[in-house]
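Take a look at this single chain, the form predicted on its own, given in structure tokens.
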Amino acid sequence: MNLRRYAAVLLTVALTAGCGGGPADDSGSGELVFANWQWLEPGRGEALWQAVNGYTATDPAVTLKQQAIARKDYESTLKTQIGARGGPDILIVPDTFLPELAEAGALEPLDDVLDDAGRAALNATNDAGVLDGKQVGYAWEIVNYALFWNTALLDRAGVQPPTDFPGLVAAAKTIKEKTGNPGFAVRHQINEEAPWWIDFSNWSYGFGGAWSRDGALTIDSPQNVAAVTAFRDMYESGAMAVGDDASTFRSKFKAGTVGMMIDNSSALATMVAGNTVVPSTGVGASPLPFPARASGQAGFFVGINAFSTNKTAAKKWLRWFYGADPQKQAAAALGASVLGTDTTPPAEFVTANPWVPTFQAQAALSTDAVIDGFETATPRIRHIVLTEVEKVLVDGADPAVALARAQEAAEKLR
């Protein structure tokens, strides 16, 4: 079976076997259920909800309802719901999930939603929402990555911010030795597979690697082997928050007990919002301390469930959301993210959060974690690769041997 179609077929089978959603009542009014893990983020979730829920003031015939799903369970939960021809009306779709949903016919084409003015306001980030010639998602946010740190904790340890990978490991060890706190934290567990893949791609890209080139998989390239080796070295350093999932180590950073992290701007914004222990002005940031300046990015799109019985109202909401005023509200809530229009966050936000320009500057050098040429198979390949990386971390497997196994297994999917 063609690799590009494999994963989507799994969802298509589920859709075919689904029991069906009830009769359509597509009147353009009523309740719209909106799925997003960000509703669970303290502070920012409320601000985002205010931004999207502002539509109800312009159209009282429509109400919006949150469907909040934990990030690590997001794709699997939606796959189950949509596979049964149910699920939310509107959903945020991670870029690594978009091809699978689109090829399975689970996303409503959106080409007829925006008027000429709306389309003219869009930027190039929306191009990734076009699959097989159809616009199936509009850019919600593109989130970039950087290294950032708790300045007070580094000062306490007498550590300068690192500028290369050996310096990163050395700084993490010194922080651990001098303060007793983890010097570094990053996702590293298979139970967070989907977001870990996006985070882990920073290491591949930062060491000059890629997951494919010219239509061929490059999982076991020397650059990727170097990236996995570096990741293992940090994991085994004794200075990393091993065993903590993202929720846990982010809470620790928020509490001032983690020195440095590689994470995205949205996560950092949530950690410092209203934080008096680690205020935003107490956070420093720099590009990733890796040999190349490249980094990963997390792209998220707004889509409409093809099985929604209220698609007319959902499209009306979408048309409104890409207007100037809602985009300004969204930019204020999403902070350092790049939106689907060129709307920027308020100047006072950037002043209050001095790390924002570092993340914004990385936009020109960042790449998503969707494997070029293997878009719909990315989840299957992701699982193969990260399973092997986990063997390196937990079982002591050799990075080159592990990635060679992953390369061989992924190629057999063809």
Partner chain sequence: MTRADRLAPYIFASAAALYLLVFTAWPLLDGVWLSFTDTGLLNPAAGEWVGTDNYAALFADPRFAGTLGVTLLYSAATVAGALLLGTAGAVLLDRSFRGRTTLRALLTLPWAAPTVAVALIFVWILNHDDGVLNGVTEAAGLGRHGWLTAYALATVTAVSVWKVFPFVLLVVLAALQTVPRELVESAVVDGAGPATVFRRVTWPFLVPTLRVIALLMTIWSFRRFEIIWLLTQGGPVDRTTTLVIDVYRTAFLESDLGRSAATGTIGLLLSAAATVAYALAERRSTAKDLT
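Residue numbers count along the first chain shown, from 1. Since the structure is predicted, the reported quantities are computational estimates derived from the model, not experimental observations.
Beyond the structure shown, there is the form predicted in complex with the partner chain, which is absent from this document and is the topic of what follows.
Trainee: Counting non-hydrogen atoms within 4.5 angstroms of the partner chain in the predicted bound form, say which of Ala255, Ile190, Ala292, Ala273 makes the cut.
Mentor: Contact with the partner chain in the predicted bound form is made by Ile190 alone.
Trainee: Using a 4.5 Å cut on heavy atoms, which of Gly118, Pro195, Pro287, Gly83 is close to the partner chain in the predicted bound form?
Mentor: So the residue touching the partner chain in the predicted bound form, by this definition, is Gly83.
Trainee: Looking at the partner chain in the predicted bound form, is some heavy atom of each of Ser76, Val242 and Thr248 within 4.5 Å of it?
Mentor: Checking in the predicted bound form: Ser76, Val242 and Thr248 are all within 4.5 Å of the partner chain.
Trainee: Using a 4.5 Å heavy atom cut-off, which of 96-104, 315-323, 160-168, 120-128 contacts the partner chain in the predicted bound form?
Mentor: Single hit among the candidates: 96-104.
Trainee: Does any heavy atom of Ala400 come within 4.5 Å of a heavy atom of the partner chain in the predicted bound form?
Mentor: Result no; Ala400 lies far from the partner chain in the predicted bound form.
Trainee: Hey, in the predicted bound form, does Tyr235 get a heavy atom within 4.5 angstroms of the partner chain?
Mentor: Judged by the heavy-atom cut-off of 4.5 Å, Tyr235 is in contact with the partner chain in the predicted bound form.
Trainee: Can you tell me whether Lys72 touches the partner chain? I mean in the predicted bound form, with a 4.5 angstroms heavy atom cut-off.
Mentor: Lys72 belongs to the contact set for the partner chain.
Trainee: Find out whether any non-hydrogen atom of Pro379 is located within 4.5 angstroms of the partner chain in the predicted bound form, and reply yes or no.
Mentor: Yes.
Trainee: Taking the partner chain in the predicted bound form, which residues of 158-186 have any heavy atom within 4.5 Å of it?
Mentor: Heavy-atom contacts within 4.5 Å come from Lys176, Pro182.
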